[in-house]
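Below, in structure tokens: the form predicted on its own, a single chain.
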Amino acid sequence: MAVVVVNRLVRVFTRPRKAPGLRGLVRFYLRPEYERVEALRGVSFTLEAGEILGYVGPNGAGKTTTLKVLSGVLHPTRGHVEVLGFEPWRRQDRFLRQIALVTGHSGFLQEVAWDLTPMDGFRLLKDLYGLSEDEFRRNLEALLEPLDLTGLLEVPIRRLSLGQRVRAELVASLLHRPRVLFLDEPTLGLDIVSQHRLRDFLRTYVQETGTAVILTSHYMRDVEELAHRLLVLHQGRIVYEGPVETLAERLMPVRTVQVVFAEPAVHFHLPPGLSLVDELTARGTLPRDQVQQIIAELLSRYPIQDLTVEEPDLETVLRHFFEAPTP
């Protein structure tokens, strides 16, 4: 049974419209004009328990707006939204106790407990959520070691590194064991080691708890390694829904092939798409449906020392799609 149901969600913002220059400024103050901006245009999807949904797209596509609607921060303009059987915008206590929103920009500890220690912030959340001492200790112990925060509980939050603060914010968000977790750019600004550690933790945590997760990220590695299913949002509309691994087949039907020959290939007849990088190495992109045939022909005609076929990563695929000219 779906824990999140979104049906034809529309969110419209109103923003001021002002002509440039002093004249435009005076005119705006005397007779202000406004324009309607559709951030979300009929978005529909569902999310199951234990599923990680990758939610990606360029800046301004509507990703953060969607998460704010689902967490009750924004009211939908039109459409039906249901999370755990609740209408999020009503912000009922029983609903808020079962969700969590984590962003890579800020969080509860940084906003409320900046001069305190993580443990001070955790205990404050314990009281806010009404956790018993046993429940608090049990949940905290299950989170500290995997996120490597055990030795940092009494260090003021302002003295923690960015990666340490992000991990502490994640602990704070999971203390009450939410059933639905919204992750908005959770690895933003983190180094490669911290990103890897956070992804490992999230993968294991979801497997063990069955938490439903919606993940937005500009780091495509996050989505490639974590998401069970992918939604691509563009200009407020979903333009792709399906497995991560099949996106490249639909949006960028080529593969990158590199061939290292056992002898100089200057006089070899290479297929269109492949060109020499040096006298032994050829590299290029080939149509996905022709790769197998072309490789077989090369192997039968020339001595080959090494051969690799690379799938384009998700970031390359999305960039190719969004930068392609509109027909």
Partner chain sequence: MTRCWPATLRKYLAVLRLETQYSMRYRLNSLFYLSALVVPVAIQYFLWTTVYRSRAQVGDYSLSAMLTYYVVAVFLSQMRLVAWWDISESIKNGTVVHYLVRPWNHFWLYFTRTLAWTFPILFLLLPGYLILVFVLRHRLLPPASAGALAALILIWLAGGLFVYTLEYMTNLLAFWTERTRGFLWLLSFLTSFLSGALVPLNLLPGHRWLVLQPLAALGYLPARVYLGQVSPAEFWKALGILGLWLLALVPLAHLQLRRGLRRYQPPGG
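Numbering follows the first chain given and starts at 1. These numbers come from a predicted model, not from an experiment.
The next section is about a form of this same protein that is not shown, the form predicted together with its partner chain.
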Handout entry: its partner chain: the contacting residue among E208, D93, E154, E133 in the predicted bound form [heavy atom, 4.5 Å]
Key = D93
Problem - Residue among A248, L101, L226, V81 with a heavy atom within 4.5 Å of its partner chain in the predicted bound form - result: L101
Handout entry: Candidate site T150, L190 and R203: all three near its partner chain in the predicted bound form by heavy atom within 4.5 Å
Key = no
Practice task
Please run the contact check for G236 against its partner chain in the predicted bound form: heavy atoms, 4.5 angstroms, yes or no?
Solution key: no
Practice task
Indicate whether K68 is a 4.5 Å heavy atom neighbour of its partner chain in the predicted bound form.
Solution key: yes
Problem - Exercise: G107 in contact with its partner chain in the predicted bound form, heavy atom 4.5 Å - result: yes
Practice task
With heavy atoms only and a cut-off of 4.5 Å, decide whether S217 touches its partner chain in the predicted bound form.
Solution key: no
Problem - Stretch from 299-307, 21-29, 6-14, 314-322 whose residues place a heavy atom within 4.5 Å of its partner chain in the predicted bound form - result: 6-14
Exercise for the section: Sequence order please: the residues of 62-82 with a heavy atom within 4.5 Å of its partner chain in the predicted bound form. Expected result: T64, T65, K68, S71, V73, L74, H75
